[in-house]
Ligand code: N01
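Take a look at this single chain in structure tokens; it is the form predicted on its own.
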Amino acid sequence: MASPRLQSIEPVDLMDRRTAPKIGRDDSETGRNSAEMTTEDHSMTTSSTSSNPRFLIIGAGMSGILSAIRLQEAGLHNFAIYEKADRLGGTWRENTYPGIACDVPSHLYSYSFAFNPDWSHRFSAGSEIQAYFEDVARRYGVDALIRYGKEITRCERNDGRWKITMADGSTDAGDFVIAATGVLHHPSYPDIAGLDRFAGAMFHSARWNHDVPLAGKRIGVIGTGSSAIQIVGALVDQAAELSLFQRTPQWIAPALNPAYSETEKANFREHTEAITQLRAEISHMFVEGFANHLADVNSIQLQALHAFCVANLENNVKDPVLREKLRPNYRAGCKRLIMSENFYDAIQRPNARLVTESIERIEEAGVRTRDGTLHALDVLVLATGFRVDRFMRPMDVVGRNGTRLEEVWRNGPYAYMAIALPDFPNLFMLNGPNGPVGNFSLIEVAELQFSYILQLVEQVRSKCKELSPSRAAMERFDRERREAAKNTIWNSGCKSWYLDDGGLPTAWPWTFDRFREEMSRPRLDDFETK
């Protein structure tokens, strides 16, 4: 689809590519932009962390694009962006299934420096979000600087710098690494007997095969997370039969998704402050009405949320048997809250079936459940989520004194303030382990984190060569995080991808207000320098 027209909070003339901020340093000796130099050029050069530090940005999704733009704004032009795929976009590039949309309102799920007055709906479709990122990257000159098809296999600290090695054998070196690798990009496949025997079309929701015809087909969907709920609503009208295989029911909050009128869009274009006000109102609603209360399992707001979801189920599902099958036995908010305006309607269509019997195996003709029933299918969709513990992995990351990330994370990933690790100096993660995830604007989270990272970078440039959290600070943070996690709604009696192997929530366990406060200024006493 065509890219939506954008408007920045900056002067209108920045909309034009000719006047958009230029990414990359103008090298006076070579006449080349530093970010356009070849990989070999960079691996042969050295850099001063005070005068001209070099940054290696891993990933060209939402966080990678943000990193490049924010570095440029800070006057730090010596960087390279490496992307394993052939396009930017991250999650929104890889997830293209029917019905995909964001569950954070459009005007909040956008960069604070690149407003879009032309969002079509309150909640944006995935293709529209992808187009937005492409357009922002183009306007700020980021797209031309991304090195596509560059999967990094190794990232090693050596002689005070980071060296990265790509799958094609090329290398680069830098003073800082920004790991903008994301969370939801390694598909998780179910451990079901016979998965390779199915004779029809089968694919993961994040690897959608658009060549497979769906009209008039018998479609099966395994899973009941956000992707599955959106897929069911999008496909039920074109399928001959649609079977949703449910292991665990989900609480669903109603989410009306009205279109913005042309009058509203024109007002947003002419009065940028209207977007600023709307963003502030949405953010306040999210934080005060939801995010700040996840840390308190006894919160009155969470009790009200639960009642709201119960009412949505009871008022919209007529069949009492189906209603009870769809009713979770845990509290709303324990899992990532799902919002949908059409799922309950879709699952009640005559051609839709909710299958709650456990799956025994996959056969050539379809799915066999443990009651002996064969559910004949033409298409099988695995909406079974992601391996959320991967982060930078499977990249081999080696820090100071040969410390390997795989060994550090052998019992599960963690990070100081969701950003940094001891023994991995000058390496910073965006949306890393233990950060706010789920029903948040991860763009807002990443922007807060990058402001924090820039303050650490300035410490290195002015006072030292490298910086990383001390082990004592890491241990204290993790100890406090684990204790606080016990009081969150995520620890109230359900299984979800928020939990580690020991059953403890891994997400930020305090209020979002505290996250903002922590990101406003680093606790420099928690860092070791050299």
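From 1 onward, residues are counted along the sequence shown. Worth saying up front: this structure is predicted, and the values here are computed from it rather than measured.
One more form of this protein, predicted in complex with the named molecule, exists but is not displayed; see below.
Contact check for residue 191: a non-hydrogen atom falls within 4.5 Å of the named molecule in the predicted complex. At a distance threshold of 4.5 angstroms between non-hydrogen atoms, residue 336 is in contact with the named molecule in the predicted complex.
In the predicted complex, the named molecule lies farther than 4.5 Å from every heavy atom of residue 434. Among heavy atoms of residue 222, some come within 4.5 Å of the named molecule in the predicted complex. Here the chain stands alone, but in the predicted complex its contact with the named molecule, taken as any heavy atom within 4.5 Å, falls in 385 to 393 among 443 to 451, 283 to 291, 385 to 393, 343 to 351. For the options 227, 426, 181, 116, the one in contact with the named molecule in the predicted complex, meaning a heavy atom within 4.5 Å, is 227.
Residue-level contacts in the predicted complex: of 97, 82, 111, 409, one residue has a heavy atom within 4.5 Å of the named molecule, and it is 97. With contact defined as any non-hydrogen atom lying within 4.5 angstroms of the named molecule in the predicted complex, the contacting residues in 99 to 125 are 101, 102, 103, given in sequence order.
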